[in-house]
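Have a look below at one chain only, the form predicted alone, in C-alpha cells format.
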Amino acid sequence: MSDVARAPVPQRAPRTIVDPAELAQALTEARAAGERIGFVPTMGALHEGHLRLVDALRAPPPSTGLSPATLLVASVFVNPTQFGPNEDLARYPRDLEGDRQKLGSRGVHIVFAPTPELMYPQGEATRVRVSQLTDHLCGPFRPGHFEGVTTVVAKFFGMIGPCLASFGRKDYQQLAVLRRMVKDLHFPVEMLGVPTCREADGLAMSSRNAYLSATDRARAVGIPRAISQALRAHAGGERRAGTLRAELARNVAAAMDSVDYAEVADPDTLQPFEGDAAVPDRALFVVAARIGGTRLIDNAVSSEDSPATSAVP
C-alpha cells in the first residue's frame, strides 16, 4: 500500500466545472486569495489509488521538500487521444457522480469534467510529443498513446497554471514522460510521484481491474508476484540482465494470456538493459501483460520498492 499519510478532511460537495475558461478564472481568483493549487488528473472510475494522489497533495512526504496544496482540483476526463483504435475507449468505466462523491470525501474543492469538444475544439491541430522516453516499454505497443497523454496534460497545465501535481508511480513510464515534458516546456508545475497503491494480495489498483472475472482476478496477482520474485533474485546477488529478464518474463507468462513486455530497465532513461549487462543496484522491473482483452501494468524499482511491499508472497 502507499505510504502517504491520511489526515482527516472535511466532507464537502465539490464544485463541478465543465468550461476551461471558468476553471482558469476560478483558479486565478483562488491564487490571488493566497491558495496553493493542487491537481490530480484522472480518467474517472476512481479507486483508492486515485484518492491517495489527492492525499499526497495535502501532505507531501517531507523528503520531497514540497509544501502542501490548500485548494485541490481533480479532473475527470476520459481522454480519447490516448486510446488506440482497438483499445477500450467505448467501454472504459464512467461514473462521474460516484467520482464526485469520492473526491468530496477526500476534500477536493473542484472537479473539472470537460467534454471532449471543449478539450479538443473543432479544427484543433496541436500535439505534444516527448521522444526517447517513449521509444521502449509501452511506446511500441501503444502507438500515439503517450502523445495523447502529454497533449491532454499540457492542456490541463495551461488551464490550471502554477500548481503541485501528483501522479501514480504505477504508470512509471507516464510519470517519467510527463516530468520530461514539464522540464522541457518550463511549465510552472511541481511534480509529485506517489507510490503504487495495492490490494491486500499485492495487485496494483487499476480502474481496469473491474473488467476481470473472479478467476482472472486471481490470475492477475501473478504480475506483482513475478516482479517480487525478480526483485528478490536481484537483491540476492543476481545481476545478469538476461537472467533477471528471463525469470521475470517466465513467471509473468505462466499467469497471463499474453505478455507485451517484461523488462529490466534503467529507471531514468527507461532503456532496457541489453543481453547480460550488469544490472546496477537501482533498476526498474516493469511488466505489461494481458488477461483476455484487459491490459495490466505494474513495476517496482530495486532499492526503492522492496519485495515485501511490491507484492504479498
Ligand code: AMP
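All residue numbers are counted from 1 along the displayed sequence. Bear in mind the structure is a predicted one, so any value in this text is a computation, not a measurement.
One more form of this protein should be noted, the form predicted together with this ligand, which is absent from this view; the next part is about it.
Participant: Within 4.5 Å of this ligand in the predicted bound form, do we find a heavy atom from each of Pro41, Gln174 and Pro195?
Facilitator: The answer is yes: all three residues contact the partner (heavy atom, 4.5 Å cut-off).
Participant: Mark His47 yes when one of its heavy atoms lies within 4.5 Å of a heavy atom of this ligand in the predicted bound form, and no otherwise.
Facilitator: Close contact exists here: in the predicted bound form, His47 approaches this ligand to within 4.5 Å, heavy atoms only.
Participant: Can you tell me if Tyr92 lies within 4.5 angstroms of this ligand in the predicted bound form, counting non-hydrogen atoms only?
Facilitator: Answer yes; at least one heavy atom of Tyr92 falls within 4.5 Å of this ligand in the predicted bound form.
Participant: Although the partner isn't part of this model, could you tell me whether Gly168 comes within 4.5 Å of this ligand in the predicted bound form, counting any heavy atom of the residue?
Facilitator: Output for Gly168 is yes: heavy atoms within 4.5 Å of this ligand.
Participant: I'd like to know whether Leu53 contacts this ligand in the predicted bound form, with contact meaning heavy atoms within 4.5 angstroms.
Facilitator: Yes.
Participant: Pick from Met205, Met119, Ala233, Val130: which residue has any heavy atom within 4.5 angstroms of this ligand in the predicted bound form?
Facilitator: Answer to the contact question: Met205.
Participant: Where does this ligand sit in the predicted bound form: which of 102 to 110, 196 to 204, 210 to 218, 180 to 188, heavy atoms within 4.5 Å?
Facilitator: Every other range fails; the passing one is 196 to 204.
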